[in-house]
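The chain that follows stands alone, in the form predicted on its own, written as structure tokens.
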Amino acid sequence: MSSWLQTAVERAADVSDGLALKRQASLELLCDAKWPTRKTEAWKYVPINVWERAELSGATNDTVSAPVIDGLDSLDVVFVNGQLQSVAAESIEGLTLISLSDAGAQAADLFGTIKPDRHLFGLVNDVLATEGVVIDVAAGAEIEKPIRIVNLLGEGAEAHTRVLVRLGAGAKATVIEHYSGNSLSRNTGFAEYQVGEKAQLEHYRFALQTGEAMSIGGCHVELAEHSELNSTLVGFGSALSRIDVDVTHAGSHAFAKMNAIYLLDGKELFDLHSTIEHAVPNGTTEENVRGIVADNSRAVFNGRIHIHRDAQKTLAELNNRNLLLSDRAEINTKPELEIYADDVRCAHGATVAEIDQKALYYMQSRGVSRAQAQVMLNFGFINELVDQMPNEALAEWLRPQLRERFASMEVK
């Protein structure tokens, strides 16, 4: 066991609340867990040693305002350096929004029930996450305002937060997970979503930490019969950035759409692992992942779709496209299909290409500067996924950030 993991186990002994039984079960698994190395398949491209070796001085919990998104009228839950700062007080029929520490049995019903136990840092989050939020949407309720969960990380912070969301039958809601910070910090942020029969979840995760920030987290979703998930993930690279996504089709005729975008520069790292479990018949999954990798940065994508024996009539597609802007940049991609049913329609693929120099030259010959031409070509590569975001205010807020990011990613 690594020294950092040993310290985490020792700290877990000081955590005592209504989730004690579940925390203890995770702690037992954690004590038997092995620290990942380069020989661990799921971590072979990730320099996990930077997580362990980082020396954090501790952060002050100053009051910080959540980033403003023009045109977005949202219900905000704000964490600063892992501490809950504010919860939207607005009362909306059919919506319960409560802190993890105040949730009691309401949290125990969800905590650890959807996230698979195989995630090492998920277990760490299980035993250390005392701060979080529980969101309960009543059956048939349609929550028009998006619920935005903001995590702001400053210099020296170590944070472990948890999001638990339950949508009752026929409910509709939008949940936005927003992570931000560029200073040396360490955080685990995990979320579990239980989507009821015929319910609809619109989900976003903006992993916008950069610089020396280190972040390991996950989004884990269980879909009931005829339920729908529309998820968008956007990641910027940092010293270490890893997200695990699990979607389980637990009810027939469920639909899952997942779009992901990652943009890396410098010596940044971004690692995305996704697993889609089709356990029952007539499920549909559409997964599109696109990345732009510049300079000495490195991206990792492992996408797995598992079609169980009883999951007949499944339709599943997985596509990963990558654009390299430097001969030193690196992408390690591994799309997987594991099929045990014989009446399915499935496809998967991955591409890695360089920016089209002819297109770049053509635009420059028409009076467009090289820098602007590069931004236009890069943006065209991922704009299709931005256009598919259901919330236009979020799309409009994201586009200038992407353009600014592109402007610094020089073709070399």
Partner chain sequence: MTEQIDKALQREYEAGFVSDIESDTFEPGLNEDIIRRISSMKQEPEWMLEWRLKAFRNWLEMEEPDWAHVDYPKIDFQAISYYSAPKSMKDKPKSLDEVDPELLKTYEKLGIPLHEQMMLAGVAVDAVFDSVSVVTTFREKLEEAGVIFMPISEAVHKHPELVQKYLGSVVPQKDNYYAALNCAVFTDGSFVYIPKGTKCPMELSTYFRINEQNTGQFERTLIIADEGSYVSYLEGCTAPQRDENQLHAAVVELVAMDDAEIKYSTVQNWYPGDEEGRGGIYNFVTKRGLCHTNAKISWTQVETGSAVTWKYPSCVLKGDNSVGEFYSVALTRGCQQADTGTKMIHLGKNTRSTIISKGISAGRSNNSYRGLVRMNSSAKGARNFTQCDSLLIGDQCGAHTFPYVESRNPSAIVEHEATTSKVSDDQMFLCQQRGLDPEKAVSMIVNGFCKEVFKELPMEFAVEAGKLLEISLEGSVG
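None of the values given here were measured: they were computed from a predicted structure. Numbering follows the first chain given and starts at 1.
Keep in mind that the form predicted in complex with its partner chain is not shown, yet the notes after this line are about it.
Visitor: Could you check which residue among A54, M363, A33, V352 gets a heavy atom within 4.5 Å of its partner chain in the predicted bound form?
Guide: Checked against the cut-off, the match is V352.
Visitor: Tell me, out of A329, L201, L240, L128, which residue has a non-hydrogen atom within 4.5 angstroms of its partner chain in the predicted bound form.
Guide: The residue in contact is A329.
Visitor: Are K334, I339 and C346 jointly within 4.5 Å of its partner chain in the predicted bound form, each by at least one heavy atom?
Guide: Every residue of the candidate spot has a heavy atom within 4.5 Å of its partner chain in the predicted bound form.
Visitor: Tell me the stretch among 43 to 51, 365 to 373, 23 to 31, 379 to 387 that has any heavy atom within 4.5 angstroms of its partner chain in the predicted bound form.
Guide: Answer to the contact question: 43 to 51.
Visitor: Should L325 be counted as a contact of its partner chain in the predicted bound form, where contact means heavy atoms within 4.5 Å?
Guide: Yes, contact at 4.5 Å.
Visitor: Would R309 sit within 4.5 Å of its partner chain in the predicted bound form, counting heavy atoms only?
Guide: Output for R309 is yes: heavy atoms within 4.5 Å of its partner chain.
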